[in-house]
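In the form predicted alone, a lone chain appears below as structure tokens.
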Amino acid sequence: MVSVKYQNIGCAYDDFIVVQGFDLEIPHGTITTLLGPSGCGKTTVLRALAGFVEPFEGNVFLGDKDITVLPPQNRNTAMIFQNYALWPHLTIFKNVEYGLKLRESEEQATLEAPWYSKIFWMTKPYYWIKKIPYKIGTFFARFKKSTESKEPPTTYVEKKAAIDKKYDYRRKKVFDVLKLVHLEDQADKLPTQLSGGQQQRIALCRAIVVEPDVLLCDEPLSNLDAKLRREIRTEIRSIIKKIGMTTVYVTHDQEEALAISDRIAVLHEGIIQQYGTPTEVFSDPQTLFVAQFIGSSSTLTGKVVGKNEAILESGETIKYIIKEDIPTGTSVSLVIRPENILLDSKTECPIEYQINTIEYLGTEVKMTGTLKDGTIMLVDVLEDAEKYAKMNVGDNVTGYLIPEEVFVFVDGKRVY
């Protein structure tokens, strides 16, 4: 396991700068997600680590090794692509085996001496003297082998192993990773004969079978339906944590990031807005962007009128609880999670809204309502769901905010 470090990275496409001054340290053995909307630079940062994008400034480190200018094949990383990128004409076994065979051929190429070096050594007398014992040993070995009665290989596996001495090793490695995803019985099928979820599992197997230092995932679940996405993300996290591999994961799905990650870096316009655990990012957002982007929320705007009080444009007073004093008249943004707006319990912060939509989801009811100033507010009703599911669009409802759960922001920065 190795750590990853971005040091003052800058990446651009022609004259368009995507990220600049990007710094991030990823601990070894963790699953770190780069989360953000489309165009925020998260995939570019990932590709800079893979070697597909060369930064115009800064350095990328794997452990203590600077890999900024190394070609992709020399970085010992593996990537799971958004579109699976499986060879359609190869079986599942051969798709997973491909990386192992490729690395074997690269190792062999580095071990083989140039052709001209052989000519040089053949002119030396002791070259031939050293060859004599080897030739004698080879002769007797062949004679002994020819006298032994041995049945010829009959199955494909036996024939393949007789020709390719490393086949047994590769075969064991491939089936070991296929067993992790419970697809060892699909080894002889083509990718087109598998479902999308199964193909994604095969893409994971192909990446981890070569034992990379870092696993890179570029929105690997975006092509799957919602239910399958939840199942696969749980399985991917379980497998990655079992093998203890450092992983950099890219997604724009907040729920997916919260479920799969050990740490999350929230990006916006190439800048890290917040970096922390899923709990820290969700429960303690440091910027207005993070509060609005992670999870569901409603944002109310108003002006401070007193200690822990702000008035909305509609004239309603909202109470919150913070330690800092904000000057009277300061414009503030108040972010409220939908589960922190109560309908059955009362607090000292009531607010009226008119119901726009009602969604009954069995265990809960999701509402949207309009305040007097036209602001849309989200409300999740977790108790007595059937009771509130019978309400009608257009009804006026009084909700009660929990002051301790109201996030306060001035100029986009959190005030505590």
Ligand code: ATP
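Note that the structure is predicted; figures quoted are calculated from it, not measured. From 1 onward, residues are counted along the sequence shown.
Same protein, other form: the form predicted in complex with the named molecule, not shown, and the subject of what follows.
Student: Are any of the heavy atoms in Gly41 no more than 4.5 Å from a heavy atom of the named molecule in the predicted bound form?
Tutor: Looking in the predicted bound form, residue contacts with the named molecule include Gly41, since a heavy atom lies within 4.5 Å.
Student: Any chance Pro27 has a heavy atom within 4.5 Å of the named molecule in the predicted bound form?
Tutor: No, Pro27 is distant from the partner.
Student: With a 4.5 Å heavy atom cut-off, would you call Glu219 a contact of the named molecule in the predicted bound form?
Tutor: Yes - in the predicted bound form, heavy atoms of Glu219 and the named molecule come within 4.5 Å of each other.
Student: Does any part of Val397 reach within 4.5 Å of the named molecule in the predicted bound form? Heavy atoms only, please.
Tutor: It does not: once the named molecule is placed as it appears in the predicted bound form, Val397 has no heavy atom within 4.5 Å of it.
Student: Picking from 64 to 72, 349 to 357, 43 to 51, 376 to 384, which part of the chain touches the named molecule in the predicted bound form when contact means heavy atoms within 4.5 Å?
Tutor: Looking at the other structure, the answer is 43 to 51.
Student: Going by heavy atoms, what in 341 to 356 lies within 4.5 angstroms of the named molecule in the predicted bound form?
Tutor: Heavy-atom contacts to the named molecule in the predicted bound form: nothing from 341 to 356.
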